[in-house]
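Quick heads-up: it's one chain on its own, the form predicted alone, in structure tokens.
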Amino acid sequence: MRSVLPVITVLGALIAIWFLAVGPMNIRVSLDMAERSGATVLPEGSVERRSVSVWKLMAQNSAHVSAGYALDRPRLPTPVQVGQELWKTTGAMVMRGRAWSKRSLIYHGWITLQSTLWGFFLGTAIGIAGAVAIVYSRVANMSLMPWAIISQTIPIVALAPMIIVVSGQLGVDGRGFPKAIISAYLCFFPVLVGMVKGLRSPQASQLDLLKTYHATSLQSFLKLRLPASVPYLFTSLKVGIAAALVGTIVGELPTGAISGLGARILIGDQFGTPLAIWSALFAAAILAGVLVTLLDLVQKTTLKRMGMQA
């Protein structure tokens, strides 16, 4: 309860702020609809209302504020509307036996998850290999680490179309590979930094002790450096899996894909359906939470078997 209560408190505060923000965000749409239906609105005309603050509009038209909480296409939907849309495209689909329908977020989540996992495994492998090279090679430390840091300053939104174009020129068919590359690009850096910190965590006295036993570099790595880096690795993996999911979603936006959570967000934006966008965003957040939770369970089990405290 000590850990759950703060989370519930913060969540409740965010929902309360969300509810309060719905009124000012939707007031202009509500007044436009009320005016079309013949109701009295102050000031008259949507053009005249553009120069008036939302707070003044709400004060002058308090009777129409509640209408903003029940719009079919709101600028900002309420949490209830998002929850209903999320259930409509997940749980309700499962109950009707249409979980893998192309209108189901479960289907789109599965498409995104596949590329996320491929990118996660690729990024993790690159991060671990780079960390080992940096720790054991001074040349790699002076060359790889600066470039790894610089690579993260490039906006992924600008890099994603370039990766897709290059993949097409190389004859790589399908959209899964470019998405996995983009996902791995965001994933490898936290793994790299965490593993470098972990591999360097053993104290000098511990390394000297192994030297007195005439341990080889490989034995020192397997017996000391690698076990000591495991807690750092899992912490990095939790960040990496979330970054990999973000990379996959970003990779789905410029590809013109019709499947995946990123595609649902893009299609919802093109057709002016905010509820579709918000439900896909929440589905992505839930998917990220599930992945991080699974990694946390694996971490606790692994560290417990190694005799460490999670």
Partner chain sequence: MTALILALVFWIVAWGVNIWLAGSRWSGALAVRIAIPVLFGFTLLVLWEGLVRAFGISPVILPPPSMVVETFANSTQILWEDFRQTVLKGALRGYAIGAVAAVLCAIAIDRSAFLTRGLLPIGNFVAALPIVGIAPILVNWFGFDWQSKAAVVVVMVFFPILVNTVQGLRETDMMQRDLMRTYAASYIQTLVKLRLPAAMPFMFNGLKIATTLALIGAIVAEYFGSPTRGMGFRISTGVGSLSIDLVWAEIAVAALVGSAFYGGVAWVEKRVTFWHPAQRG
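What you see is a predicted model, and the numbers here were worked out from it, not measured in a lab. Residue numbers count along the first chain shown, from 1. Heads up, when I say rigid core I mean the largest set of C-alphas that superpose within 1.5 Å between the two forms.
Quick note: we don't show the form predicted together with the partner chain, though the next part is all about it.
> Within 4.5 Å of the partner chain in the predicted bound form, counting heavy atoms only, one of 125-133, 152-160, 204-212, 221-229 shows up; tell me which.
Going through the listed ranges, the match is 152-160.
> Quick one: of A70, V54, L42, A285, which gets a non-hydrogen atom within 4.5 angstroms of the partner chain in the predicted bound form?
None of the others qualify; the residue that does is A285.
> Among L86, L76, L117, I106, which has at least one heavy atom within 4.5 Å of the partner chain in the predicted bound form?
Contact check passes for L76.
> If you check in the predicted bound form, is T301 within 4.5 Å of the partner chain, heavy atoms only?
No - in the predicted bound form, heavy atoms of T301 and the partner chain never come within 4.5 Å of each other.
> Indicate whether the partner chain has at least one heavy atom within 4.5 Å of a heavy atom of L31 in the predicted bound form.
The answer is no: L31 has no heavy atom within 4.5 Å of the partner chain.
> Within 4.5 Å, heavy atoms only: does V139 come near the partner chain in the predicted bound form?
The answer is yes: V139 has a heavy atom within 4.5 Å of the partner chain.
> At 4.5 Å between heavy atoms, is E48 in contact with the partner chain in the predicted bound form?
No.
> Give a yes or no on whether each residue among L144, I265 and G289 has a heavy atom within 4.5 Å of the partner chain in the predicted bound form.
Every residue of the spot touches the partner chain in the predicted bound form.
> Verify the C-alpha shift of I286 between this form and the one not shown: is it 2 Å or more after superposing the core?
Shift of 2 Å or more: no.
> Would you say whether I277 is displaced between this form and the one not shown, judging by a C-alpha shift of 2 Å or more on the superposed rigid core?
For I277, whose C-alpha is compared between this form and the one not shown after core superposition, the shift is less than 2 Å.
> Is there a C-alpha shift of 2 Å or more at V29 between this form and the one not shown once the rigid core is superposed?
Comparing the forms between this form and the one not shown, which are aligned on their rigid core, V29 does shift its C-alpha by 2 Å or more.
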